[in-house]
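What follows is a single chain, given as structure tokens, in the form predicted on its own.
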């Protein structure tokens, strides 16, 4: 009898709280939340200023002085979203980007410039099959607890990645996609290759976070922690330090369509 009363109380509590799962998919970040930088049409002062270039801790920003104006180049694959450039820029050439649809299928598409139009991010077209809406993921962490925590958050009741058909598996033999987090130091090169080789085709690799893309603040050090590129073939890049759960889910939906197209 006591058990039944407790169950009724629990169900009553859950019903009173309502649905907490977000119905809006990959929405922009709320105002005041720091995302990745983006570029505007506002003219940069150039090398006479160069405050953003000097402040960037990962050398992700380069300013090239041209005849009539300066070209600002930002490698989002190197950016740790520290916000120094957006807060220090006197001309608002660099501003905060609230978008969570940041994943790209090509490494060079993470490089933005004032002299070039931005690359549109969108889901990959094509594909079919009965498993086109499912994705089994094997996560290999090479030293980034922050990205691991955001993957965990992607499965909480607010984001609920399982409603999209995404599940995390323990064995690479059952995985469709290999999600790499951390800068991949030398000690993890061979384990990462072994994990990738254990997967069945078609297999995908997602470099999740700045460290997995380029090494971030760890790059070019004695541990050879320069990201997953060159160790395993990367299919999708998710910038950020760490990426927001919506950015992760957007990338996984892109991965689903890539998998379906290759099947």
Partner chain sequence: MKVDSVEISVDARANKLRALLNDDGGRLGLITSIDGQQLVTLVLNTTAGTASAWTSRVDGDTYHSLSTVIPQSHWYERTVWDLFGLKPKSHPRLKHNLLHEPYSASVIPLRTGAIAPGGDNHRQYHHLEVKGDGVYEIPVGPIHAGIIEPGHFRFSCLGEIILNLEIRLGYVHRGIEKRLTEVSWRKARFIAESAASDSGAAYALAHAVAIESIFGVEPSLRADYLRSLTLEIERVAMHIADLGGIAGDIGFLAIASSMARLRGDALALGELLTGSRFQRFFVCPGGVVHDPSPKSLLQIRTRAIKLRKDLVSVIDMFLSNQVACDRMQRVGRVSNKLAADFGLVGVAGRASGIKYDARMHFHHGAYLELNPKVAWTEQGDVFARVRVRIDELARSLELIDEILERLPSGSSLLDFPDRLPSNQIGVGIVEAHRGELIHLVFTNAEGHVSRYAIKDPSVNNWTALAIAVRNNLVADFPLCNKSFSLSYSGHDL
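Numbering follows the first chain given and starts at 1. On a predicted model such as this, the values are computed, not experimentally measured, just so you know.
This next part talks about the form predicted in complex with the partner chain, which is not shown.
K.L.:
Considering 142, 100, 86, 114, which brings a non-hydrogen atom within 4.5 Å of the partner chain in the model of the complex?
P.N.:
None of the other options qualify; the answer is 142.
K.L.:
Select, from the options 32-40, 61-69, 201-209, 230-238, the stretch whose residues sit within 4.5 angstroms of the partner chain in the model of the complex by heavy atom distance.
P.N.:
So the stretch in question is 32-40.
K.L.:
Given that the partner chain is not shown alongside this chain, does residue 185 nevertheless sit within 4.5 Å of it in the model of the complex, heavy atom to heavy atom?
P.N.:
Flag for residue 185 set to yes.
K.L.:
Is there a heavy atom of residue 118 lying 4.5 Å or less from a heavy atom of the partner chain in the model of the complex?
P.N.:
Heavy-atom contact with the partner chain at 4.5 Å: absent for residue 118.
K.L.:
Might residue 150 be said to contact the partner chain in the model of the complex, defining contact as any heavy atom within 4.5 Å?
P.N.:
It does: once the partner chain is placed as it appears in the model of the complex, residue 150 has a heavy atom within 4.5 Å of it.
K.L.:
I'd like to know if residue 25 sits close to the partner chain in the model of the complex, meaning any non-hydrogen atom pair within 4.5 angstroms.
P.N.:
Output for residue 25 is no: heavy atoms all beyond 4.5 Å of the partner chain.
K.L.:
Sequence order please: the residues of 196-234 with a heavy atom within 4.5 Å of the partner chain in the model of the complex.
P.N.:
Going through 196-234 in order - heavy atoms within 4.5 Å of the partner chain in the model of the complex - the hits are 217, 218, 219, 220, 221, 222, 223.
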